[in-house]
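Below you will find one chain, with nothing else, as structure tokens; this is the form predicted on its own, and questions on how it binds or moves follow later.
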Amino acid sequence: MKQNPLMLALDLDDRNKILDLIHETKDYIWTYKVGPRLFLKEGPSFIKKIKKLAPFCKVFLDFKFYDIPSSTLSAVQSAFEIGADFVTVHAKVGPRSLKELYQLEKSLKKIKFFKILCVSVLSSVEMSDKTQKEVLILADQVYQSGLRALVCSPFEVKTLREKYSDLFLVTPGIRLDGDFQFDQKRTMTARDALQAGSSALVLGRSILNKKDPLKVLKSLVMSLGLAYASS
């Protein structure tokens, strides 16, 4: 079976509903994504709560840090210290920050698993030649820094995979058959994104908005031939 690449965005407001969702889905999800919406309500202790409920799963803190080098590094360090396994920064922070982030990641990885994910162009931005070009420029800056993880839409994955075979490519904008695009523009199905070369898929409303999220998730895992989280 294939390594499970599924990341579920916990973009909900009801604490109990979130905890129930984690308990139900923990065997079918690799990573839970926590954004500002949840983090600012529940605080750092919620990261530990997720880890206790789902010990085989990773936690992805999605704050998209974008500041001067010292502030960005401090924020990433803090994310690591509260238990995050993944954290996002904007690739636009510039070559200097990216190189310093690489050195920080290298030192933190000696302690435990940790990846800095560099956000290229948000998936809410329309598809265009300009968008594609910007993603490639940012990907090159990230790669030159030593970092090896990028967040991009599924539509850039094939080109990036051909150029950088070792990049860890995280793709939001994943939709199930029949879903609306919502506010994301550059979207693709989970199967097509994996075939294009995505390393990890971020799911959100395609699961959360369903009447029976667990049933939908089980069906997706089975159809893609994915391993369970605890495998």
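So that there is no doubt, residue numbering starts at 1 and follows the sequence shown. Source: prediction; values computed, not measured.
Although not depicted, the form predicted in complex with a small molecule is the subject of the following passage.
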* Could you spot which one of Arg205, Lys26, Arg191, Lys49 gets a heavy atom to within 4.5 Å of the small molecule in the predicted complex? => Arg205
* To do: Name the residue from Val157, Val76, Val151, Val135 that puts a heavy atom within 4.5 Å of the small molecule in the predicted complex.
  => Val151
* Determine whether any heavy atom of Ala9 comes within 4.5 Å of a heavy atom of the small molecule in the predicted complex, and answer yes or no. => yes
* Asked: Quick one: does Ser97 come within 4.5 Å of the small molecule in the predicted complex, counting heavy atoms only?
  -> no
* Touches the small molecule in the predicted complex: Leu117 (any heavy atom, 4.5 Å) -> no
* Give a yes or no for Lys58: in the predicted complex, does one of its heavy atoms lie within 4.5 Å of a heavy atom belonging to the small molecule? => no
* To do: Work out which of the listed stretches, 98-106, 157-165, 117-125, 77-85, brings a heavy atom within 4.5 angstroms of the small molecule in the predicted complex.
  => 117-125
